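Here we start with a single chain on its own, the form predicted alone, put down as structure tokens.
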């Protein structure tokens, strides 16, 4: 029995609440079990210096955790004066994942930064951040279309992240913290709704795992992201319907 009582191929309860941040052009609070991440997309009418004059937009992300998002208080990175390697790795992953499904030429020279702040961490924070960040980004694009800043939403697809792992029970989907810390191997999959692979991070914590086991993890990841894609679409439809009814 998994600690949560879930079946091996079951993900945690998922909710995506749009409009959580009042000032952001697009925002959501995503909950996956007890993991909660606030994703807020902010628009700027300029691009970084290295991109000026290319006619391309830029999408990036920043990631952080509140000091008491975990079981014991963590020191604020701002107090240390620098980000940890883990933080830098995760925010680069989120940025890459979002850019994989954006037509940056259709954006024009503007930037969108999606801030992903972990309020409560119980495993899978980077995957929840990617899944929620895509919705926040989509809502920001819809805001720009409504304001006639751009003609169409320059998204080429959906992207979401999900974790999988090998435990004493075999391959399981969407690990929470209790499972993740004892897993024989853990993996994060970033996939698109058309079946594309953006990134796979897979690591053996004990003995090496087989190619067949990796394929089983991929099968589970596709099941999990299928549910997440549906949740993303429902969140956007609900948010746009609410705006239209005003």
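Numbering follows the first chain given and starts at 1. Here the structure is a predicted model, which is why all the values come from computation and not from measurement.
This next part talks about the form predicted in complex with a further copy of the same chain, which is not shown.
Q) Is residue 209 close to a further copy of the same chain in the model of the complex, meaning a heavy atom pair under 4.5 Å apart or at it? A) Heavy-atom contact with a further copy of the same chain at 4.5 Å: present for residue 209.
Q) Hey, in the model of the complex, does residue 180 get a heavy atom within 4.5 angstroms of a further copy of the same chain? A) Although a further copy of the same chain is absent here, residue 180 would stay clear of it in the model of the complex, with no heavy atoms inside 4.5 Å.
(Q) Even though the partner isn't displayed, in the model of the complex is residue 100 close enough to a further copy of the same chain, meaning a heavy atom within 4.5 Å? (A) Contact with a further copy of the same chain, yes.
Q. Going by a heavy atom distance of 4.5 Å, is residue 121 a contact of a further copy of the same chain in the model of the complex?
A. Yes.
**Q.** Heavy atom of each of 23, 41 and 198 within 4.5 Å of a further copy of the same chain in the model of the complex
**A.** Yes: each residue has a heavy atom within 4.5 Å of the partner.
(Q) Pick out the residues of 215-239 whose heavy atoms come within 4.5 Å of a further copy of the same chain in the model of the complex. (A) Residues within 4.5 Å: 215, 218, 222.
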